[in-house]
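Next up is one chain by itself, shown in C-alpha cells, the form predicted alone.
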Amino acid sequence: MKAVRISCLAALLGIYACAIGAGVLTRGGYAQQDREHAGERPGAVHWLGTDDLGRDRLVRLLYGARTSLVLAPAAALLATALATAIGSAAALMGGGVERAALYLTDVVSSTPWFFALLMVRAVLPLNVDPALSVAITFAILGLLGWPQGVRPMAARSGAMIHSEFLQQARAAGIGPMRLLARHLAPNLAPVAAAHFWATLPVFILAEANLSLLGLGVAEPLPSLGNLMTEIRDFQNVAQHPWLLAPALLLVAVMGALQAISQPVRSSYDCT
C-alpha cells in the first residue's frame, strides 16, 4: 500500500506541475482561436483536437486543471481555518458559548450542503468577469465548508483544555486569544490536516458540478467542470471519445487524493 501511495503522490505532483506550468508547456493561451482549424480531430499539432472555436483542447485542459486543482486547496484551507477557529474558540470559552456554536454548527450541517451551495451561488451575479467567477466559486466553497470540522475541533480542544501545559499557561496569566493561537491551535494540526484532506476532493467535485451546471467558473476561462459540458451529449462522446479527457483527469486526481489522504483520515477516525 505504501508503494501505491507513493505512486499516486508522484502522479498527482506530476499533474499539478503540468497544470501550474501550463503557460510554459503549451503554445498560446487557453482563449487563442484558430478558426481555420475549428473542430479538428486529434493530430500531431493538436493532440486532443480543437473545439468549435478552434481552441486547442489540450491547452485548455491544462489551464482548466490549474484553475480547479490549484484553487480548490485554497478553499479547503479557508474552510479548515474557519473550522479550527470556531471549534477551538468554542471549547476554550465553554458554557453557553460552546453550546450555541455547536448548535449553529448542527443547524448548518443539517442543510444539504450542495443544495445550499447551489442556492448561494444562484443568487449571486452570473454574468461576471471570469476571474471574479473563480473567486466567487472558491470563496463560497471555503465559507460553506467549515461546519463538518467544527465538532472534531471542539472535541479535540475540549480534551486538551485541562491538560497540564494549558493549565500552566493559564496560571502564567496568558489571555484566551494568545492561549488559542500559541498553545491550542498548533496541537490541532493532525485534526486540521484530516479535515483539509477530507474536504479537498469534495471541493474539486463541487466546482466541477457547479461549472457543469453553468454556475461556476465562467467562459472563456477553463476549469475541469466547464470543460465537461461537452460530454452531456452521449452521442457526441461516442463519436469523439477524446472529449472524455477532462473527466478521466478528474477521476485520476480523485483516486490519487483518496489513496494519499487515507492514512491521515484513518488515523484520525481511530482516535
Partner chain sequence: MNFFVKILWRASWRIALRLVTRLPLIALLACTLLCLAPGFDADERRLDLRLSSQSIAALAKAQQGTRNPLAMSAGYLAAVVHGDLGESTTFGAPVLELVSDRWPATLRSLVGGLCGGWLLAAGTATLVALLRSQAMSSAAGTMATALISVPSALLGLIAMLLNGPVAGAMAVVIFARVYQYAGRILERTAGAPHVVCAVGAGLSRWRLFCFASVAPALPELIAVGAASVGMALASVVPLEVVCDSPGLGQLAWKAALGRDAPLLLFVTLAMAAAANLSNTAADTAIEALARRRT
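Positions refer to the first chain, counted from 1. Just so we're clear, the structure is a prediction, and the values are computed from it rather than from any experiment.
Separately, the form predicted together with the partner chain exists; it is not shown, and the next lines address it.
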{"query": "The partner chain contact at residue 165 in the predicted complex, heavy atom, 4.5 Å", "finding": "no"}
{"query": "Residue 254 within 4.5 Å of the partner chain in the predicted complex, heavy atoms", "finding": "yes"}
{"query": "Residue 85: touches the partner chain in the predicted complex, heavy atom cutoff 4.5 angstroms", "finding": "no"}
{"query": "Residue contact check: residue 53 to the partner chain in the predicted complex, 4.5 Å heavy atom", "finding": "no"}
{"query": "Listed residue that, although the partner chain is not shown, lies within 4.5 Å of it in the predicted complex (heavy atoms), from 38, 70, 213, 45", "finding": "213"}
{"query": "Residue (of 118, 155, 77, 193) lying close to the partner chain in the predicted complex, criterion heavy atoms within 4.5 Å", "finding": "118"}
{"query": "Site check 13, 32 and 241: each within 4.5 Å of the partner chain in the predicted complex by heavy atom", "finding": "no"}
{"query": "Listed range touching the partner chain, judged in the predicted complex by heavy atoms within 4.5 Å, from 179 to 187, 165 to 173, 100 to 108, 85 to 93", "finding": "100 to 108"}
{"query": "Sequence-ordered list of residues in 144 to 160 near the partner chain in the predicted complex, where near means a heavy atom within 4.5 Å", "finding": "144"}
